[in-house]
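We've got the same protein chain twice here, in two forms, each standing alone as structure tokens: structure 1 and structure 2.
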Structure 1
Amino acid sequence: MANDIIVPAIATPKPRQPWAASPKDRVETALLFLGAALASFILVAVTPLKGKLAYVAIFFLAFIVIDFAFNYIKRGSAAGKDSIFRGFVTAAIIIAVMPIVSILATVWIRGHKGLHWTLFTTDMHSATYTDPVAHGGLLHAMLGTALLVVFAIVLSVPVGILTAIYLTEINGRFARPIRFLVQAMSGVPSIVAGLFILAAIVYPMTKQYNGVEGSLALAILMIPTVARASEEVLLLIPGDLREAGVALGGTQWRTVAMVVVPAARSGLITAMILGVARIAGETAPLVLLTGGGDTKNANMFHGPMGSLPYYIWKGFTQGTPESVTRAWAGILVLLVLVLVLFGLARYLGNRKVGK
């Protein structure tokens, strides 16, 4: 810097952080862990309690007891109780996250065995699920899922966004009941959506299974997700923008279409992606409605339609080692799809609204 300010040689006191852990505290925590681990090893060795579960349970209890005793002696009973509670909530988060780690690991370990190139280049028309894994693939399933999802988007995203616009822009007489109904709709079990399409369309009208029926059921499940996520985004658009639009002489229609919606564009796309992530792996309605074909079928209105969830479902229900390996490979592909969608939604959602 050109014009440096000459700092007088006064030692500025370093800001102290009395809440931060001192080296002594760290050593004590480490000793606590060690003590608990030691206790669990000794107890498992000398008592009849055996197994992984015993290790974990004794470690947890020993940790709680030692931690409690330590804090009780050092800082009194209030600190002792506090340490017990901290032990329990920490255990809760660890137990809550464990299944996720286990699921991700399992899907990779079991799924990657079934991965090979033909998986993405062929369908099942000349192979059965019980064939060796190298025969056949899930091209038809990926095609089917893509078509089902695109149709579901076409059906549900306009409705969901219109609902959100009603709730935020018009906010009329029905806003409260509609908000309530959208919430209620998000709890409709997927099998009920399937039964509804069966009752409303398959039996009285088409009398055959095809892709559009599956898409309709998926759209029912997708609308509430899209509507709620879009509503949250539209609420974030500052009222100034709307007022500016109206002040320039725009009608409400022009203001919403030219100002509000473009400002919320990335958020609305995020809402759509969240909706897709919600339905991409939905299985029950597809089992009821799509007929689950084994060959590529690009016609949504005619013939059975394969899909990734159905492929997994079929592989699992056939029950042989080969078919189950297929199911895990299918799950791996589906999970990667969901992860990509999730990451995309996160990325777009973290950008500032209004850009």
Structure 2
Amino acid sequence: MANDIIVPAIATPKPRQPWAASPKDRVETALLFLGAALASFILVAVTPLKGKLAYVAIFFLAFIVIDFAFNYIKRGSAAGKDSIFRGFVTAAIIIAVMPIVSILATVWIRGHKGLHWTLFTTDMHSATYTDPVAHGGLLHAMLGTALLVVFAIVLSVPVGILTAIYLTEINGRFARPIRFLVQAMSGVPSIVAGLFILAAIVYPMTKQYNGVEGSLALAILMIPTVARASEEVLLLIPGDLREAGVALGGTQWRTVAMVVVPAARSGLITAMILGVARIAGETAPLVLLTGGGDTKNANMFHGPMGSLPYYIWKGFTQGTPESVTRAWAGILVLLVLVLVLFGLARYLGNRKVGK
């Protein structure tokens, strides 16, 4: 209408989030860190406490005390108590992250010295672990690890997924003891699996070391991981999908095979990758069962077979600077492989079930 009055919109300032830090807060936090660092330096200098661990421990304690005093004086007792809790939580997070960062840094610093192109194109057939690092490589170990893992996947993934299907879809009278056994097997040391194959197959039957026996031990270790992860994935599938499959006339197994498993495909792949990452660095069973050959061997049923864990173990047992450098290079390659597998599992796990 003509008499309507148009009131211009007034832009209201965006409210500041309670957790957003202002420039003044950042300056105060920086000063608190500086004060804690200075206190730790002084206390380590005047007390018998020495070493990096002493610096870190005193720094955290000093920061918590200084932060508490600052917030108590400036904002009151409630803010002071909150600062104590915040300080301990921050310390716990840093303590949890520090070993990971330290491991990654140490492996890179010591392992990259042994990297060279021939490391991935040759084996140790014409070289020894005490030779210069440029001679010989770990091609045989990478081939052996790939074959061992693939054979373990063939053995363990069907068993693990079928076990998870029984526990979630059938849930029969044996579900509770099977679930208990799966959980118990998750904590079995890897050396036990190796000794079991050694006592049950190698000594009484084959009388030789080969890749199949190593894969059997790895499969024993992989089955619980695949079964537990697959069970959690299958439990995420909505029950409406099962009911819809049955309503369309499908039997239980047909519904599971045609509806439930395809819907959980990405999660089951993630479970398999987690299982592979679980066994990729296992050393004890391979030392006992594979024989640890130094040349390429693609025959899983005959002859010793090398692997990355065995290559690393053998390099450290030699004890020379060259062999230790080789071992660190093998650790770096193995660590990169495991990180890639975990990253792939993380990517697949973040996808929606059924996509």
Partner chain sequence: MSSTLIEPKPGAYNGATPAKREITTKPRFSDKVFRGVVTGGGLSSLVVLGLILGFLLFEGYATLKAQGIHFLTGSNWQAVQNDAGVVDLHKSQFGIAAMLVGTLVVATIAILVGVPLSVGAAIYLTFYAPNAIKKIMVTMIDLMAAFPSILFGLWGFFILENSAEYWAKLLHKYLGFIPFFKMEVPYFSRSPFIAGLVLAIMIIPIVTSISREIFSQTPLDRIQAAYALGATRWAMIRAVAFPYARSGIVGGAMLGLGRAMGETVAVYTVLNIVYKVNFHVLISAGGNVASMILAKFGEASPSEVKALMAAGLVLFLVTLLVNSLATVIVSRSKKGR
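Residue 1 is the first residue of structure 1, and the numbers go on in sequence order from there. Rigid core: the largest C-alpha set superposing within 1.5 Å between the two forms. Everything numeric here is computed off the predicted structure, so don't read it as measured data.
Annotation: structure 1 represents the form predicted together with its partner chain, while structure 2 represents the other form. This chain moves as two rigid pieces, and the smaller piece turns through 15° between the two structures.
After superposing on the rigid core, the C-alpha of residue 68 is displaced by 4.3 Å between the two structures.
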